[in-house]
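The data below hold one chain only, encoded as structure tokens and taken in the form predicted alone.
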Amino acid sequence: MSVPAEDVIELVDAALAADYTRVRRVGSKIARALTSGDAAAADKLRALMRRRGVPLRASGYAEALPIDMKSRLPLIEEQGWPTVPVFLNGPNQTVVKDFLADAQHIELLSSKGIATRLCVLIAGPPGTGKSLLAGHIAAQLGRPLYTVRLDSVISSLLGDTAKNIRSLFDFVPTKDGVLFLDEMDAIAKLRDDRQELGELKRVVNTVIQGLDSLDDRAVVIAATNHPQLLDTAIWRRFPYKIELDAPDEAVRIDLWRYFLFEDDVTSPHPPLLARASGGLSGADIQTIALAARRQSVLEGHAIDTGAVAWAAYEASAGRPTPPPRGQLTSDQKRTLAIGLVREKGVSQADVARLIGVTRQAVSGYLKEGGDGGG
């Protein structure tokens, strides 16, 4: 399909002006127009936009970002859009879809007097994909992602932290971007926390005032590992709330299929590995899967699903280790088989297929372990 001439003109004008925000906006518009007629070209265009204008920066251009006046360090960094997918359970997918629909039709909603604050609060332990989800939301909206640098924002000098936070919220309206406040609890703790100094309590008020000062189009995403520490007034200012936890079994299947089997829908192993990896985060599964693929490529052999299952079964959340090199020992196979059957409810036949032994061997392991059932 043809691209409107005005879009091409705007794209060239934005590029010559080194206006990254306009380049992304019109580039995303063109990519959406190309999707139905030339999906490959649309993907290439999106990939180019993720490069974030590195050639321009190398030639001396630097986007004006707010800085700490004392240290001269930037308070915000522009992050690229993610290149890997995000996997969410059904309820969280619904929240994200609702938010994107509201953000993409904000003018219509505002004209009817029913627009809401475009603020998303993502809570969950490390490794569950909070930053990844923020990047995907920015990509879906075609907006640059500005991540707050807390090491620069939080100052030991009284009053400077609040000034830095005001600078962040003064910056947001000047860019059609997404402001990402990671580790939100560091600047928005409960104001009745007796362990905190009065200065940090005043910082919370500054955050609240900053959120209240934004217009309908401004998008703010906050993330926290400790939602229980957030001030209640902060909660009220985030209409969209997403709680990420360890992925459920359906999501774990998708994670193994994508990261280990490169979306091969014919492999029977993802559901079995999903059972073996209960309690692990998406980041844990990604780490184990990519380690197994690297071993496979560098050593020139097929992926050893038994070794992957062992790594998943043995890993504690947040501490994944690579699959062992070489064949599993007899003791490892016995321990894994017994654990998968007794603890994870995997059938003997599936365990045999996963670790590369006969069903009779699995039955023998169970008898040795005091369980002859199947």
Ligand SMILES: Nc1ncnc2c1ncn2[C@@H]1O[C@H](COP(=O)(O)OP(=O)(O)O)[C@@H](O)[C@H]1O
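What you are looking at is a predicted structure, and each value in this text was computed from that prediction instead of being measured. Residue numbers run from 1 along the displayed sequence.
Not pictured, yet referred to below: the form predicted in complex with this ligand.
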Though only this chain appears here, would residue 131 touch this ligand in the predicted bound form if you measure heavy atom gaps against 4.5 Å? yes
Since only the chain is shown here, I'm wondering whether residue 90 would be in contact with this ligand in the predicted bound form (any heavy atom pair within 4.5 Å). no
Do residue 85 and this ligand come within 4.5 Å of each other in the predicted bound form, heavy atoms counted? yes
Can you tell me whether residue 239 touches this ligand? I mean in the predicted bound form, with a 4.5 angstroms heavy atom cut-off. no
Heavy atom distance at most 4.5 Å to this ligand in the predicted bound form, all of 127, 282 and 286: yes
Answer option from 184, 145, 276, 255, heavy atom within 4.5 Å of this ligand in the predicted bound form: 255
Using heavy atoms only and a 4.5 Å cut-off, determine which of 259, 169, 99, 81 is in contact with this ligand in the predicted bound form. 259
For this ligand in the predicted bound form, the stretch among 171 to 179, 99 to 107, 294 to 302, 118 to 126 with residues bearing a heavy atom within 4.5 Å is 118 to 126
